[in-house]
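Each of two forms of one protein chain follows alone as structure tokens, named structure 1 and structure 2.
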Structure 1
């Protein structure tokens, strides 16, 4: 697709400085700009590219502009990062959605398929499954018995949605993620560990995105719940009966053990481990690689394993880095004290 600077500016309510007819045929990272390409500058640390970028058009936050003219065409906006996101979403919509049922897919006669749905080759849709309008299911996806998927979802290749799980509207599930696998429930006996049947399901509310290679386990009874607007990175384990609230972000390789409840608007860093049967409040920040082993109040920031207050961790870490020297000084003080006592 080709656009002029003036067309792009009209999409994001921007002000043009330079050639309004400058042509755009592609997009580049600001570090690797090319002619007839578009990029953006939203932070002061990238502002030197205003004079050095080869891009034909730059979207720039107004606060970074200090002159009336530049070598390249500028589209001035309040927030370049947000404006660029708007453009990317518009471009994605222009690319269009696939529709129709491809050869090689298998759809049970009792399944209900909405209008404008796409089902890719070698996908299997089980009995009594229901797929909402505009949803796209890519090749080699498994949809289990009685699964309900809402409108305008995207289920990428290789994903597995087990029986009776529920997925809301506008959700994205990336490749090779499993929704509704058995929870890790075993009862120790004299003969070994006996499996506890996992009879519940998973409920994923509207506007949730789940990365690739995640495992979200079904509840033993009841439901494992992922709340509206939550975003889950790749390679994440969410155990049975976990309840995650709205608008959380959880980074890669985090693991949340069974029956833990997490509130709203939390930020959980990469490789965080959370034990089971605890409660994490709202607006909590948990730094990467922390281990959380007790309940957490609202608006706390935690770090370390076991996780403690972030500020406490930083203060303690200063001493930890000098621990060998501190031990040596204590030993010297003890020896000096003994010598004085002997005198």
Structure 2
């Protein structure tokens, strides 16, 4: 798609300084501008790119503009960062939606497919599954029996949604994520481990986004729940019977063990592990790679494995880094003490 500077300015109510017909064919980060690309400057520390950027058009916050003309075409706006976001959202909307059932998909005759749905080739929709209006299901997806998916979702290629799982409206599930695989439940016996059937499901509420290659296991009985607005990065493990509240952010490669409950507005860092059967409150921050092994109150910030208060961990870790010196101070004290005893 191509746009002129004046078309772009009209979307974001900006004022053009320069060539209103300058042509835009792509977008660059400001550090690596290219000709016929658009970028933006919202902070003073990037102002020098006003003179050096190869971009044909720059969206710039008004307060950073000091001259009447520049080498490149400028679109002056109040807040260049916000305007750029608006533009990117518009652009994605223009690009994004697919519609219709592609040849080569396999949809069971009892499945219910809403209006304006896209189902890609090689996608398999099982009996009595229900796909809501406007949802896009890319090629090679597996939808199990009785699965319910809401409106305006996007399910990327290779995602697997197992039997009886429920997904709300406006959810995004990225490629190769598995929703509703069996929980890891086995009973030890003298002859080996006996599987405990995993007969529950997964419920994903509205506005949830889940990255690629995640595993969200179904509950043993009842439901594993991902609450409204929660965002989950890539390669994350959510075990059976976990309940996650609203508006949490969980970074890549974190893992939450079985039956743990997590409140709202928490931030869980990358590669964090949380043990099973505990309760994490609200507005908690867990630093990357931490291992949480007991329940956590609201608004705590944790670090370490096992995780303790973030500040305590850092303070103690400074001593750990000086441990060799600390031990030689003890050695000195012991020598002094011996000297005194021998006096």
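Residue numbers count along the first chain shown, from 1. Throughout, rigid core stands for the largest set of C-alpha atoms superposing within 1.5 Å between the two forms. What you see is a predicted model, and the numbers here were worked out from it, not measured in a lab.
As for origin, structure 2 is the form predicted in complex with another copy of the chain and structure 1 is not. Shown in the overlay between the two structures, fitted on the rigid core, is a CA shift at residue 84 of 2 Å or greater. After superposing the rigid core, the C-alpha of residue 54 moves by 2 Å or more between the two structures. Put the two forms on the same core and the Cα of residue 65 is off by 2 Å or more between the two structures.
Overlaying the rigid core between the two structures leaves the Cα of residue 22 displaced by 5.1 angstrom.
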